[in-house]
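In the block that follows, a single chain appears as structure tokens, in the form predicted alone.
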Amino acid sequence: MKNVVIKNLNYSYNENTPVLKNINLEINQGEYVSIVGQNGCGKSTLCKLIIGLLEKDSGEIIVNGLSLNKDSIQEIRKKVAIVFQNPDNQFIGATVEDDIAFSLENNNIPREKMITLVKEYATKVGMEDFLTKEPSYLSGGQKQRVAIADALVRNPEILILDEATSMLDPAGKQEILSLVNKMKLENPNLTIISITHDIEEAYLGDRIVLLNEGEIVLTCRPDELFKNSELINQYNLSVPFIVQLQKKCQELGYQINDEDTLEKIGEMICQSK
């Protein structure tokens, strides 16, 4: 099943500033797609078009079989949740509990069920002990966990992460990436679209879509991109640490496969000593 189908999509800020040019893209149910590219290539603009925060110039966006327009936009937004870059801009409630409950209240969920759901999703993101806390008492990573709980409590079919880790410190970033992996394991049908400039984060996806100057120049598996030195140089990309480590170990004679994790590589090196 195709969760998102984009056909011949074009968007410009004005007549002289085209941002996206003839974008064609299909995203399957349960897929984790990382959209990468240099600053200004149109990554965040694309996700805002998918949920109707911006209006396209031309083309078509289809979400779960519904063509995005003024008649379908509210129905589509019930199926799609988004987590933005700055967690401070997303906190609506006075406490964690209030914030997670906000969208449930807007959808007239009965209070008894709402209380249960708030606790359930706070627990899913590891924030069950912070329900009565105010935002000022939370770290950036904790606020972003609450933002993800806000998104998931609505039971979306598609989750968009728009640079969701870019303002976090390394520990906070790792918290969120671990949480995303956990969510995928718990719900294989959840489609995740990650807009990111972080190469380590992009490498976690099932597929990478590379944007350059508003156009899709490549879509492939992460390993296909990051092992292609010509493409890396052409588009000025960094190489994920795991790929660098695999290559170095192979050069040193270790029998390392492309699928080997950091943990497995560490074990192999220790056993060889």
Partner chain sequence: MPIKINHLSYTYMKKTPNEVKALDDVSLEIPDKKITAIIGHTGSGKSTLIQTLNGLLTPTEGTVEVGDFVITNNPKKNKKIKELRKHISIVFQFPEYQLFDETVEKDVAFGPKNYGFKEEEALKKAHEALAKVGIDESFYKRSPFELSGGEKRRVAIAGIIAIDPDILILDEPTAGLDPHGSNIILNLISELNKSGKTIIIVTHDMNIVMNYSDHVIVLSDGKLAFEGVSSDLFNGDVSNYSIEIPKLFQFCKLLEEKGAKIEISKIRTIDDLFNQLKERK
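What you are looking at is a predicted structure, and each value in this text was computed from that prediction instead of being measured. Definition used throughout: the rigid core is the maximal C-alpha set that superposes within 1.5 Å between two forms. Numbering follows the first chain given and starts at 1.
What comes next is about the form predicted in complex with the partner chain, which does not appear here.
*Asks:* Considering only heavy atoms, tell me if P170 and the partner chain come within 4.5 Å of each other in the predicted complex.
*Replies:* Output for P170 is yes: heavy atoms within 4.5 Å of the partner chain.
*Asks:* Does any part of Q244 reach within 4.5 Å of the partner chain in the predicted complex? Heavy atoms only, please.
*Replies:* Close contact exists here: in the predicted complex, Q244 approaches the partner chain to within 4.5 Å, heavy atoms only.
*Asks:* Since only the chain is shown here, I'm wondering whether N86 would be in contact with the partner chain in the predicted complex (any heavy atom pair within 4.5 Å).
*Replies:* The answer is yes: N86 has a heavy atom within 4.5 Å of the partner chain.
*Asks:* Is it the case that K184, even though its partner is missing from this view, gets within 4.5 Å of the partner chain in the predicted complex, heavy atoms only?
*Replies:* Flag for K184 set to no.
*Asks:* Select, from the options 210 to 218, 60 to 68, 38 to 46, 24 to 32, the stretch whose residues sit within 4.5 angstroms of the partner chain in the predicted complex by heavy atom distance.
*Replies:* Stretch with heavy atoms near the partner: 38 to 46.
*Asks:* Just give me the single entry in R154, R77, K124, H197 that has a non-hydrogen atom within 4.5 angstroms of the partner chain in the predicted complex.
*Replies:* Flagged contact: H197.
*Asks:* Using a superposition on the rigid core, decide whether the Cα position of V243 changes by 2 angstroms or more between this form and the one not shown.
*Replies:* For V243, whose C-alpha is compared between this form and the one not shown after core superposition, the shift is 2 Å or more.
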